[in-house]
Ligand SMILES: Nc1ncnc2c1ncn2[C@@H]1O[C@H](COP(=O)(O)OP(=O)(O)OP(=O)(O)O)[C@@H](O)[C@H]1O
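The chain below stands alone and is given in structure tokens; this is the form predicted alone.
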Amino acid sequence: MLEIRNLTARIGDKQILNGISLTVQDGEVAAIMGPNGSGKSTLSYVISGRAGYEVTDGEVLLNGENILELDAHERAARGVFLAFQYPLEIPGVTTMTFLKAAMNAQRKQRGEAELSTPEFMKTVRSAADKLGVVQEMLRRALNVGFSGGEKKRLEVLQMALLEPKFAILDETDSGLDIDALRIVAEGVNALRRPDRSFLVITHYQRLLDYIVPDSVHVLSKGRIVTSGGKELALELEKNGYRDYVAEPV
């Protein structure tokens, strides 16, 4: 699915990623954990193609294709999805307008016909019902006045509609209480499939109680310094990162 080879990147004069190598298999949920400033969000931005980050070495291969050569919208059409830590509010643009534009833009990029309004409405309502997104949310301006849990639930709805191959969740637990976290995690778990992989970025083990990972990787100073199974997250919750901040594996 996704293979990262010796990835280095910087923003301005600041080097942030220092030779990351990581493979995420088909259907795998890989968790990235690490202290503040370790490069976790930068990794998500570089994979998804956010402007402002310069890749100085390495490759990111999605099903064998180096997506670093593609613009962000082309990566999205290939199946890359990023759920932001802090979803943006867009006054004046209704949620339904945004969802329709996003879905049809990707379909156009892939050479598929755009959805008609009736097709679109049926698709969104079905997905929203399954995820507990009420119709009133869909009529409001995108994320404006939404609670943290509502914003994250809406991002899960976007993911369900866009059907990505590789989804990145950048600290999706930020600002969520336990009830909202559980609801969002249930939505993510419902989207797990043998042909869809996830990269879950988080500070805390509590998210991984709900979205159980297949592998856990610790990022420190722009490098992966250790990897393990889900039990590694429990160890980090107990002992912190002090044992994993020096040399890469």
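Remember, predicted model here, so these are calculated numbers, not experimental data. Sequential numbering from 1, following the sequence displayed.
If you look for the form predicted together with the named molecule, you will not find it shown, but the lines that follow are about it.
Stretch 30-38 is the contacting one of 191-199, 30-38, 204-212, 56-64, since its residues have non-hydrogen atoms within 4.5 Å of the named molecule in the predicted complex. The named molecule is not drawn, but in the predicted complex it has a heavy atom within 4.5 Å of residue 14. In the predicted complex, the named molecule sits within 4.5 Å of a heavy atom belonging to residue 42. Although the partner is absent here, residue 126 sits far enough away that none of its heavy atoms falls within 4.5 Å of the named molecule in the predicted complex. The closest heavy atom approach of residue 85 to the named molecule in the predicted complex falls within 4.5 Å.
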